[in-house]
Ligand SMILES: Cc1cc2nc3c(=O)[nH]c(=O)nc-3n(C[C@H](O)[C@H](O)[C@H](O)COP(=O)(O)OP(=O)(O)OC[C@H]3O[C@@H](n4cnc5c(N)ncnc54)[C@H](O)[C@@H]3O)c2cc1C
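Consider the single chain below, provided in structure tokens and representing the form predicted on its own.
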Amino acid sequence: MPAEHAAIIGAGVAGLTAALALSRRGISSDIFEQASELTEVGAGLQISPNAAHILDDLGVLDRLTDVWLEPQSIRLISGTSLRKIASVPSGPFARARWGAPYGVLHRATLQSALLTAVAENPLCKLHLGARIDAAALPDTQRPADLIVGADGVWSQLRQRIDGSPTARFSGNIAYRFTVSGDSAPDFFDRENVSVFLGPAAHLVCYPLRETGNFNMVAIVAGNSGAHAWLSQPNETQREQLSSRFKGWNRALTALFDKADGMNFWPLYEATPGKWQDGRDTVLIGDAAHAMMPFAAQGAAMAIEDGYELAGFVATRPVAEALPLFEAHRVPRINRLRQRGAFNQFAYHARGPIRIGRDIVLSLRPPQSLAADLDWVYGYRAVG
């Protein structure tokens, strides 16, 4: 029989979206989070139209659009000369072409909106400070016929699934920080997303309306300790950042010295593996397929997962639904991984390849670049 009650492990974007999507189908859930309070690490987040469409259907989007920024374009810029290379139109263009907006916001804003919606929903019950152990799951208020692992790249619930993914270091480091709007350089665009490209590194920059700051993410190849995760960069790690941006425009690299709250974030990804056990347990979001941020689709894929899972388990027996859900989602995730790998190659290109990249991109009309993203942004999740 279709699912009636779910136990969801993890109260991040994937878990909270799944709870709301299940409730839309009349399926109740207990959501278990081992943290005693929910605090979202990181700073900025991009919500593309494929995810915005889902949040709208779940009644969450209106809580975001009043405070987020809808950029007019996503601009690719040389990190050495500061010359614009190309741009992808957004703003009203995104709404018209892909049927939903593209917005940038603080991660805490999305987290708060999802939490408020869950708290207001009688079919959703959130439990904080719940110890997560794959061998002995927390007790639910009623028997759970569906167990959802939404507990991130370091998922404990994976242990319940033979042949499930594992976390591995990608070889990339993200340095995340903010720059005050008052002290930001004049060339920073206050209406758009800017992606500065250079040899061996790239830097993403966009304004956050909620804070008045600019969200900054510098991504480089680097080394990570065996158990490194999110921390303040030490002297060696800061030197690593500076070395990767050697030769970049000094106005950009000078920002590293006055960054507010810089975090050193080794990027881990999930290896290929099974997402479900063919009975009652399934992984979603980063627990299933943590990927590199080169396509800016991590949060969007978590949202799609939670929404589409609800559609599958609401219309057929759970044991039948879970393999079908995995088979449906894996090709899209794999295609996005390939897109991310291509973007990494293009963004971090060196020498003649970098010159050729700039020439090719500069010759393409913005609408042509947008068309390349139709399969990503125009996707309509089945819920």
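Everything numeric here is computed off the predicted structure, so don't read it as measured data. Numbering starts at 1 and runs along the sequence shown.
Same protein, other form: the form predicted in complex with this ligand, not shown, and the subject of what follows.
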> Where does this ligand sit in the model of the complex: which of 64-72, 313-321, 331-339, 28-36, heavy atoms within 4.5 Å?
Replying inline: 28-36
>> With the partner left out here, check for me: in the model of the complex, does some heavy atom of residue 14 sit within 4.5 Å of this ligand?
In response: yes
> Is residue 179 close enough to touch this ligand in the model of the complex, meaning at least one heavy atom pair within 4.5 Å?
Replying inline: no
> So in the model of the complex, does residue 54 come within 4.5 Å of this ligand, heavy atom to heavy atom?
Replying inline: no
> Is the gap between residue 46 and this ligand in the model of the complex 4.5 Å or less for some heavy atom pair?
Replying inline: yes
> Which residue, 188, 98, 248, 265, has a heavy atom that falls within 4.5 Å of this ligand in the model of the complex?
Replying inline: 265
>> Looking at 83, 131, 258, 142 here, can you tell me which has any non-hydrogen atom within 4.5 angstroms of this ligand in the model of the complex?
In response: 131
> From first to last in sequence, which residues of 297-321 have any non-hydrogen atom within 4.5 angstroms of this ligand in the model of the complex?
Replying inline: 297, 298, 299, 300, 302
